[in-house]
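Below, in structure tokens: the form predicted alone, a single chain.
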Amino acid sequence: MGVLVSGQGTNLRALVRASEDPAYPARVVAVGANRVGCPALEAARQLGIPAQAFPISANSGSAVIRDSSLAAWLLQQGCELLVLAGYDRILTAPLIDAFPERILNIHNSLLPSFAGTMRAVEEALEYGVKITGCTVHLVDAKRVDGGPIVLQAAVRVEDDDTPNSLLERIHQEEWRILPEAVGLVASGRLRVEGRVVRSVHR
């Protein structure tokens, strides 16, 4: 798998930990980022994983050109599955077409609530919900955060929560369900029927 990152790389580390198990059906072979100074890139390099930044400024200011270069590089690294692990850019056609129905995204809300925003945790607190969480879904070119849902995990909102305290508990669940979802896809154990994703026991 290739992993796209924008931040600290905690979900990347969770995927690497999972892949250390010989029985796990996927390995991280490339890490791409949209920011040169992204800490997750350095984490990948320290782990010996090929890592490269693809800033839009180095690609004629075009997301399409950037994604075309990124897709070509990922395929050269042998990626068959793409995971968005805290990647804060919307994918364009070159990337989506390179990995049809093989792109997973982790979002820090219970979709479809608080979709299409990088402020999902803050918005959940502002709205006053009592339960939030995280969602792993397949990327759909038609809707941001709108693809078929693979896995979700619920997190209770406490009265004294801040965005940071709530996000910390959500992260704990992200680190669990993202590797699980990748394992399901990589092992061919998912069947998509319209919007419904079913786990197939083999």
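In this text, all values refer to a predicted model and were calculated from it rather than measured experimentally. Numbering starts at 1 and runs along the sequence shown.
Below, we refer to the form predicted together with another copy of the chain, which is not included among the displayed structures.
J.: In the model of the complex, does every one of Val129, Ala154 and Arg198 come within 4.5 Å of another copy of the chain, counting any heavy atom?
T.: So, yes: the whole triplet contacts another copy of the chain.
J.: Answer with yes or no whether Pro163 is in contact with another copy of the chain in the model of the complex, where contact means some heavy atom within 4.5 Å.
T.: Answer no; every heavy atom of Pro163 is more than 4.5 Å from another copy of the chain in the model of the complex.
J.: With the cut-off set at 4.5 Å between non-hydrogen atoms, does Leu125 touch another copy of the chain in the model of the complex?
T.: Leu125: yes, in contact with another copy of the chain in the model of the complex.
J.: Mark Phe99 yes when one of its heavy atoms lies within 4.5 Å of a heavy atom of another copy of the chain in the model of the complex, and no otherwise.
T.: Output for Phe99 is no: heavy atoms all beyond 4.5 Å of another copy of the chain.
J.: Mark Asp145 yes when one of its heavy atoms lies within 4.5 Å of a heavy atom of another copy of the chain in the model of the complex, and no otherwise.
T.: Yes, Asp145 is a contact residue.
J.: Here the chain is shown alone; which of Gln77, Thr92, Ser113, Thr117 has a heavy atom within 4.5 Å of another copy of the chain in the model of the complex?
T.: It is Ser113 that has a heavy atom within 4.5 Å of the partner.
J.: Can you pick the one in Leu167, Ala26, Ile149, Ala141 that has a heavy atom within 4.5 Å of another copy of the chain in the model of the complex?
T.: Contact residue from the list: Ile149.
J.: Can you check 28-36, 62-70, 154-162, 48-56 and let me know which stretch has heavy atoms within 4.5 Å of another copy of the chain in the model of the complex?
T.: That would be stretch 154-162.
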